[in-house]
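Only one chain is shown below, in structure tokens, and it's the form predicted on its own.
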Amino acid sequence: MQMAKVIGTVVASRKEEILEGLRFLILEPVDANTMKGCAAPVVAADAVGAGVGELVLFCSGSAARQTTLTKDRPVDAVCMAIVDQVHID
């Protein structure tokens, strides 16, 4: 899993039937220590109803197809949790 900030949304009015009903977000991965962007943005399916400006957890690769919403769908990244707090000692 990685942490990211939601920086935008993607609207696709035409897509493969298997992707119907999925909402897509643009995520900017962040460094857990600095909370600053640390990698190129990623487009991810949204399984939790996250919004722009929120901090989220996402996974990519085959793990992205393990949520109820994305099971057996051709997605490579999924937003699967909205972060409430981060504590680093």
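From a predicted model like this one, the values you see are computed outputs, not experimental measurements. A residue's number is simply how far along the shown sequence it sits, counting from 1.
Just so you know, the form predicted together with a further copy of the same chain exists too; it's not on screen, but the next bit is about it.
Would you classify Asp72 as touching a further copy of the same chain in the predicted bound form, given a 4.5 Å non-hydrogen atom cut-off? Yes - in the predicted bound form, heavy atoms of Asp72 and a further copy of the same chain come within 4.5 Å of each other.
Should Glu20 be classed as touching a further copy of the same chain in the predicted bound form when contacts are defined as heavy atoms within 4.5 Å? Because no heavy atom of Glu20 falls inside 4.5 Å of a further copy of the same chain in the predicted bound form, the answer is no.
Does anything in 3-33 come within 4.5 Å of a further copy of the same chain in the predicted bound form by heavy atoms, and if so which residues, in order? The stretch touches the partner through Met3, Ile7, Gly8, Thr9, Val10, Val11, Ala12, Ser13, Arg14, Lys15, Glu16, Ile18, Leu19, Phe24, Ile26, Glu28, Asp31, Ala32, Asn33.
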